[in-house]
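Just one chain is shown here, as structure tokens, and it is the form predicted alone.
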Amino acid sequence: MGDARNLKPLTLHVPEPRFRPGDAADFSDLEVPPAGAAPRPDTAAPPRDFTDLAYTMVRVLDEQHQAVGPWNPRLSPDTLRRMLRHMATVRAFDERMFRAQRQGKTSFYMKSLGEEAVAVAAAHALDAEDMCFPSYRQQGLLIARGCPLVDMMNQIYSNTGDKLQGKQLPIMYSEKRFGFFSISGNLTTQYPQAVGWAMASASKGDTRIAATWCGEGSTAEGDFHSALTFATVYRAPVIFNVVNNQWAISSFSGFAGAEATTFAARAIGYGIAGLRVDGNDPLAVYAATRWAAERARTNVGPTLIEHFTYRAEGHSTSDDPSQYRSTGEPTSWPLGDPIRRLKDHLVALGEWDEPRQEAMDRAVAEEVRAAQKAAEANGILGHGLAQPLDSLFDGVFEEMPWHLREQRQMMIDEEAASGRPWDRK
């Protein structure tokens, strides 16, 4: 070894966001390839044949609002209109529940503003029987699959209509009816769960596949890498969705590795197909999901899709993004608004217009308002416990173990001895 005294001291690179509070946001140097430029390989092709797709971006809608290129899914106007309505419903739902939290009716909420296409378009591309393992910003999956808004709001309010009996934090839904696995506040636990479910489906000779979502920051979790290892070894029929919305709760994507490479490129080292997609282009999200679903369903293997998008709001109602990022970022984001882009596409096709858009927006706003009124008739979080106290033992184990049965009985006996029910306030 040479004389170390001749070497410069070692240093560490600490990632730094491009724009801080007070800075002018400028994304002009962001490489956005033209719509239609990315090739669409056969779903049976081996991952090494299209490594470049992990570094470019699959885009379908061009600047003239037309669907172009090999990834164009050629959806019918009726399907496009349903997708548009579902995304509009998600946005209206988010806005009303955000206000409900600010009014003290619930403790917590997380919007998906600007990311609606990631969940809604994927829900339309998957089969209704496929199993979804979401993170906490995919409420569009439930809405697109027809989950009653009242049921979702009951869970947010933890009221008497909450089917989860107040056992989950607000927005952490669980809906077996709609193939929606329980949301966990612990990041990326859903990734290995999705792989396990997919492996079980394959072992049983079923035809259903799994799809799972996480944020770009969560790709640094060990569960993410364990899931990809099992998926590539056993060719599990699963779709990994990484929602790269540029920001975790207060740290930017550079702390998860975005400065070094794309998140889609993480698939390459595992021998998995990787796609990087314009997450604000509903047709691109649909096409990539449909492609990955066909790949999984024909036993070729898993796919990792990076949805390149932007978190237009705070991480949650507990977050103030003005403390760590430029206020100009949301309006400067070059990939636009997914709802507006789909609306403009339908208008360009002659299948939509502004009066119908305005009428639809009024209709979904009224639908959400009516659902909120019905849900609040069951109570809100601030009203105190809405479920019998001894119900905290229910719905946790398929068969309640002896020690919990014993504890439950002790609670019932104490309540009876006191001569009054437990105070629920």
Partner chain sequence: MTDVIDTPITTRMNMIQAINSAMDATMARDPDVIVMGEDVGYFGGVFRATAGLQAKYGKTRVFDTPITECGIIGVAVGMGAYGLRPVPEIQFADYIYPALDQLVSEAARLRYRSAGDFTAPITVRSPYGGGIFGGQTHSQSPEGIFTHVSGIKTVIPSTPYDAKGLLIAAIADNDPVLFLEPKRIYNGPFNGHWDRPAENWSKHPGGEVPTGYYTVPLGEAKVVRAGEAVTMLAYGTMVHVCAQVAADTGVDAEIIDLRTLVPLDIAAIERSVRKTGRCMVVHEATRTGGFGAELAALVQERCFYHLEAPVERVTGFDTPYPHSLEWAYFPGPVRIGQALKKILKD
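Since we're looking at a predicted model, the values are computed, not measured. Numbering follows the first chain given and starts at 1.
There is another form of the same protein, the form predicted in complex with its partner chain; it is not shown, and what comes next is about it.
Open item on the list: Taking any heavy atom pair closer than or equal to 4.5 Å as contact, tell me whether residue 259 reaches its partner chain in the predicted bound form.
Closed with: Answer no; every heavy atom of residue 259 is more than 4.5 Å from its partner chain in the predicted bound form.
Task: is_contact(residue 223, its partner chain) in the predicted bound form, heavy atom dist at most 4.5 Å - done: Although its partner chain is absent here, residue 223 would touch it in the predicted bound form, with heavy atoms inside 4.5 Å.
Open item on the list: Taking its partner chain as it sits in the predicted bound form, is residue 197 near enough to touch it, meaning that at least one heavy atom pair lies within 4.5 angstroms?
Closed with: The answer is yes: residue 197 has a heavy atom within 4.5 Å of its partner chain.
TODO: Decide whether residue 203 counts as a contact residue for its partner chain in the predicted bound form under a heavy atom distance cut-off of 4.5 Å.
DONE: Residue 203 belongs to the contact set for its partner chain.
Open item on the list: Given the stretches 167-175, 315-323, 112-120, 139-147, which is the single one in contact with its partner chain in the predicted bound form, using a heavy atom cutoff of 4.5 Å?
Closed with: The contacting stretch is 167-175.
- [ ] Indicate whether the candidate residues 31, 33 and 255 are all in contact with its partner chain in the predicted bound form, with contact defined as any heavy atom within 4.5 Å.
- [x] Judged in the predicted bound form, none of 31, 33 and 255 sits within 4.5 Å of its partner chain.
Task: Partner-contacting position among 180, 310, 98, 270 - heavy atom within 4.5 Å of its partner chain in the predicted bound form - done: By the 4.5 Å heavy-atom cutoff, the listed residue in contact is 180.
- [ ] Could you tell me which one of 246, 193, 154, 135 places a heavy atom within 4.5 Å of its partner chain in the predicted bound form?
- [x] None of the other options qualify; the answer is 193.
Open item on the list: Need the contact residues for 227-249: heavy atom within 4.5 Å of its partner chain in the predicted bound form, sequence order, or none if there are none.
Closed with: Counting only heavy atoms within 4.5 Å of its partner chain in the predicted bound form, the contacting residues of 227-249 are 229, 230, 233, 234.
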